[in-house]
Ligand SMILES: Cc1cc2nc3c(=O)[nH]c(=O)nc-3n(C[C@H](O)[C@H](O)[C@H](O)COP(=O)(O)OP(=O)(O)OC[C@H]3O[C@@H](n4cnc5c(N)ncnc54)[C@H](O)[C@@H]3O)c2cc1C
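Shown below, as structure tokens, is a lone chain in the form predicted on its own; questions about how it binds or moves come after it.
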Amino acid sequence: MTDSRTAPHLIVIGNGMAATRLLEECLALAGSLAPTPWRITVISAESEPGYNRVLLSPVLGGEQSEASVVTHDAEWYRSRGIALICGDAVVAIDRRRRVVRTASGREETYQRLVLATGSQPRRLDCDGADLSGITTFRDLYDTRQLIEASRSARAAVVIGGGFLGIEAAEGLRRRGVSVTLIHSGRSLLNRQLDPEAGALLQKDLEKRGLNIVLQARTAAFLGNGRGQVRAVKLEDGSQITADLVVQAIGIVPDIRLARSAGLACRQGVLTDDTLQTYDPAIYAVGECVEHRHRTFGLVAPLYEQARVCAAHLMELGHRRYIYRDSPTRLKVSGVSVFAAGEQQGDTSLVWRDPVAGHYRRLWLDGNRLTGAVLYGETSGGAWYEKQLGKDISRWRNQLLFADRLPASAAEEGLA
């Protein structure tokens, strides 16, 4: 590593998956630079080192331990000469002096700064929202709180029928809690799945013991007179008993620090194609970013942002960030869901196996594949993802069965 007494200082604010991938990319590029041009410090509000947030659902459900989701322990940073400051949030950035200040009063000067502040869970603004027992499911702290609450909770309501809500509901059910999942849409995962696949998912989850209420909106949270939630009141006037409520209704980029520092923000921190903000000394990656009017929540675009940003930080700046759609998968044991592309076109092809509970629908615009939804049997998902936007006319009659296509499909650039 570069001599810390003379090297310029790179500070990364945040230690989530975008931040740790950025560090990995910088270190990989540094291999050809010898020594690394930066003295690196990571400052995180969380008290834990790097972990895989994608795997918090199986931790909640008791299928994995906390230790199994740690990706970058304290030794990882130490052995690579990276200073790690945990549990001390950055509260201010002085852009003129190029100084950050933490909650404990610590000040650090930087030559380059990367914002990786992530996102905050959306919360409902309605009567009773401040009652005890109402929480979210976003990080390791939330996961620990839910595991502890599950030991005494009798009935839980999870609000939101997206990926995170379903995973939270299933995790609590596996902990022995009676769970009702309420969703405002007509079917589960309505942004990713077509209604038929959503109905299959609902059927499978109900078989496991989840109670599911669709087309339902929360009007208020009702308390027990001692500051604890006792029920969720819906807009139709009905009530669902709950001593634990989990809100999983989406995320918003965490731009509080960036905005207070005077950086340009809309929904997220505005960046160019190199992930540089309007301040040339400051970059941003991950869920806090807004790039070309788009914000982010999936891991794949965050990793690509980290790759591009690292190239510029290491002064190998020939890369530009271009958004690409990422497939989505549900992390519930025993339930396989795959969705990619857009559910639009002039034709759709459908295959069903009612006995096995398998379903597949492909959308075509002419002879080009535009989207795919697979339920139950998803082994062909990666193949379909590669075909999006391509001309599949030669294989159209066999397209629903990717595993049966001849080897020549690969030779002609289709696989």
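One-based numbering along the sequence shown. Since this is a predicted model, take the numbers as computed values, not measurements.
We do not show the form predicted together with this ligand, though everything after this point is about it.
Peer 1: Just give me the single entry in 297, 162, 81, 133 that has a non-hydrogen atom within 4.5 angstroms of this ligand in the predicted complex.
Peer 2: Result of the distance check: 297.
Peer 1: Sort through 211, 119, 274, 190 and report the residue having a heavy atom within 4.5 Å of this ligand in the predicted complex.
Peer 2: For this set of options, the contacting one is 119.
Peer 1: Tell me which of 239-247, 203-211, 85-93, 104-112 has residues with heavy atoms within 4.5 angstroms of this ligand in the predicted complex?
Peer 2: That would be stretch 85-93.
Peer 1: Can you check whether residue 54 is within 4.5 Å of this ligand in the predicted complex, heavy atom basis?
Peer 2: Although this ligand is absent here, residue 54 would touch it in the predicted complex, with heavy atoms inside 4.5 Å.
Peer 1: My question is simply whether residue 304 lines the interface with this ligand in the predicted complex - judged by any non-hydrogen atom within 4.5 Å.
Peer 2: No - in the predicted complex, heavy atoms of residue 304 and this ligand never come within 4.5 Å of each other.
Peer 1: Determine whether any heavy atom of residue 22 comes within 4.5 Å of a heavy atom of this ligand in the predicted complex, and answer yes or no.
Peer 2: No, no contact at 4.5 Å.
Peer 1: Give a yes/no on whether residue 17 approaches this ligand to within 4.5 Å in the predicted complex, heavy atoms considered.
Peer 2: So residue 17 counts as contacting this ligand.
Peer 1: Enumerate the residues of 129-146 that have a non-hydrogen atom within 4.5 Å of this ligand in the predicted complex, in sequence order, or give none.
Peer 2: Read in sequence order, the residues that approach this ligand (within 4.5 Å, in the predicted complex) are 137, 138.
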